[in-house]
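Have a look below at one chain only, the form predicted on its own, in structure tokens format.
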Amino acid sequence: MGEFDGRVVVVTGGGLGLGEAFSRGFAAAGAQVVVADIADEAANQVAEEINGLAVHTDVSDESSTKAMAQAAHEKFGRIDILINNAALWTAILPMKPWDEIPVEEWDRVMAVNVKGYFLAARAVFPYMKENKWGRIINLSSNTALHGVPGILHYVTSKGAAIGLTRALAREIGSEGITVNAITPGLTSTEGVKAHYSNEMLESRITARSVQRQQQPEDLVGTVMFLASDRAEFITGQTVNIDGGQLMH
């Protein structure tokens, strides 16, 4: 028997990077996993390998998130856990001074990284409310705690995820739903390794108390704990996971 037998987990951006690690981790623990991603090929492959459900999802679009939640409920009969992971991230956002960020780029980051979390949560909320049980985990970033320059739109969006977590936790706690966030450090996913130099990754190692590269699996255990029955009295919190780079 797995810890999440009978639970249904929606992982946005679940076909690649951290999302893939979460999808595989929950599936291994017995959950039915909905791999919600705009990257269809990756989502389909992961879903096939874990016997889950792939759903094409643009989290910045309300109709798409509603269709995602409906498909998940129609397939599995419930939705218990949402991992808000889909985001535009630093590797595809070239660093630049804040006053050179195009307004269109700023708006797109906010649409995916902030509105996307809001829309995905609102889409699954009725199904969680129906069962008086739910877990929402939002991925923020330790850049929001550190104030990293050169990516103001990304850092701002990840700070907003913390504010969203705290306010939403107060709004829906009475429905038996908890809302928490994690702030990962730079994690060595395939995408990160493809876009960042070894020198950049090595510089993060020396800044950490646990001096090694951060791996996707370093996040999975905390996320699964926050999604479990064991964390039923934890809500509105932000857990920093970066090997002790920042002490928060």
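What you are looking at is a predicted structure, and each value in this text was computed from that prediction instead of being measured. When you see a residue number, it is the position in the sequence shown, counting from 1.
This next part talks about the form predicted together with a small molecule, which is not shown.
Q: Are all three residues Leu139, Tyr154 and Thr187 in contact with the small molecule in the predicted bound form, where contact means a non-hydrogen atom within 4.5 Å?
A: Yes, all three are in contact.
Q: Considering non-hydrogen atoms and a 4.5 Å limit, which listed residue (Val192, Ala47, Ala27, Ala69) is close to the small molecule in the predicted bound form?
A: Only one option qualifies, and that one is Val192.
Q: Of these, 171-179, 111-119, 71-79, 97-105, which stretch puts a heavy atom within 4.5 angstroms of the small molecule in the predicted bound form?
A: Looking at the partner contacts, the answer comes out as 111-119.
Q: Using heavy atoms and a 4.5 Å limit, would one call Leu88 a contact residue for the small molecule in the predicted bound form?
A: Yes, Leu88 is a contact residue.
Q: Flag Ile205 as yes or no: does it have a non-hydrogen atom within 4.5 angstroms of any non-hydrogen atom of the small molecule in the predicted bound form?
A: No - in the predicted bound form, heavy atoms of Ile205 and the small molecule never come within 4.5 Å of each other.
Q: Taking the small molecule as it sits in the predicted bound form, is Asp218 near enough to touch it, meaning that at least one heavy atom pair lies within 4.5 angstroms?
A: Result no; Asp218 lies far from the small molecule in the predicted bound form.
Q: Should Ala31 be classed as touching the small molecule in the predicted bound form when contacts are defined as heavy atoms within 4.5 Å?
A: Because no heavy atom of Ala31 falls inside 4.5 Å of the small molecule in the predicted bound form, the answer is no.
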